[in-house]
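Next up: a single chain in structure tokens, the form predicted on its own.
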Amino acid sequence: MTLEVIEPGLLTLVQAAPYRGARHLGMPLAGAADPLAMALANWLTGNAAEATALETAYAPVVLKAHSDIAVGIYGAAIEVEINIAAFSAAQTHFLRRGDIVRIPPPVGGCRTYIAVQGGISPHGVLKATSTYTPARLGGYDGTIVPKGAVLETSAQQLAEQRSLPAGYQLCYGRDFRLRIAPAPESAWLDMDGLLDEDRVIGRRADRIGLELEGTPLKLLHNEHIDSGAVFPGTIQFPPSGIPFLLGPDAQTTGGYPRIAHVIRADRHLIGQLRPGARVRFQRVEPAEAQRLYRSKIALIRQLQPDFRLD
């Protein structure tokens, strides 16, 4: 079964499981920027949560089926077009040979995932198939999927029809709330400056990280620190005073003060932030962050049992 990319959009990548267990090699986590949206797209086709799928951002994507194939499309896009007719994104779509599917640009949010029954078959490294473009690793030759690419899947028969239950349907807007927990250098900052003002995602925004525009912050004191571990969700404090939120492709170490961490339960939302989106931070204590994480994992696993949040 095959699917051709007629119009790839701007940032369409092959993504799957992150590169777990490779940080000692300097390898970032990478993988899907919004693993929850990808897991739901995969559920629509009967795939495992981290089966290889397409991740697309911003611009519209157009695909053509070269065989009968079942797809699940979910994330920022709330509708898809198949041969011009509009359909909800919250259901399995059965494409026949020659069908054209168009994923329109999202109104809110940023990224949409296109899962194909059986998963896409790219070439992987380090026991993963996700794309890490800075090193040209994984996915489709380590880079953005080009126009004319033909994606293959191992599926032998069409999946069953599925519709996503209402309680699992996501609705992304342009305003986000992210809960944060203390980080190693949190005491260096008056946290009220970060919590009392909405931050706007600036133009410096990609899978590595996002600049949080707003009033520059000031540290209570500023000491030299050696480079230390950073993770997706770490909020760093660069000399400009404008905080910087790290994403899935972020480096493994950094030398700027780490003033907060987005909690694991909310970290998938980083993948839906786009320039111009507004973010309000809310502080929670580590025990509450753990409770929220366990609660979200338990809820999603009722639908997709192998779901994980890093």
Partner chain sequence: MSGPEKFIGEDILVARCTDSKLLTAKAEYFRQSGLWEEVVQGIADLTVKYDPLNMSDAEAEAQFHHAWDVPTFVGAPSGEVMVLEASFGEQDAPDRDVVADRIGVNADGLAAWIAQRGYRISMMGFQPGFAYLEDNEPDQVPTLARLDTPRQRVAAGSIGFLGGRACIYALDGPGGWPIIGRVHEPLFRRDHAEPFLLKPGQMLRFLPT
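Positions refer to the first chain, counted from 1. From a predicted model like this one, the values you see are computed outputs, not experimental measurements.
The form predicted in complex with its partner chain is left out here; the points below concern that form.
J.: Each of Tyr74, Arg199 and His268 near its partner chain in the model of the complex, meaning some heavy atom within 4.5 Å?
T.: Checked in the model of the complex: no contact with its partner chain for any of the three.
J.: Would Ser67 count as a contact of its partner chain in the model of the complex, using a 4.5 angstroms cut-off between non-hydrogen atoms?
T.: Ser67: no, not in contact with its partner chain in the model of the complex.
J.: Do Gly26 and its partner chain share at least one heavy atom pair within 4.5 Å in the model of the complex?
T.: Because a heavy atom of Gly26 falls inside 4.5 Å of its partner chain in the model of the complex, the answer is yes.
J.: Would Pro104 show up as a contact with its partner chain in the model of the complex if we use heavy atoms at 4.5 Å?
T.: Pro104: no, not in contact with its partner chain in the model of the complex.
J.: Considering non-hydrogen atoms and a 4.5 Å limit, does its partner chain approach Ser163 in the model of the complex?
T.: Ser163 lies outside the contact set for its partner chain.
J.: Please name which of the stretches 105-113, 183-191, 78-86, 169-177 has residues with heavy atoms lying within 4.5 Å of its partner chain in the model of the complex.
T.: Only one stretch qualifies here: 183-191.
J.: Would you kindly say which of Pro216, Gly98, Gly148, Pro134 lies with a heavy atom within 4.5 Å of its partner chain in the model of the complex?
T.: Answer to the contact question: Pro134.
J.: What residues of 194-230, in sequence order, lie within 4.5 Å of its partner chain in the model of the complex by heavy atom?
T.: Counting only heavy atoms within 4.5 Å of its partner chain in the model of the complex, the contacting residues of 194-230 are Asp226, Ser227, Gly228, Ala229.
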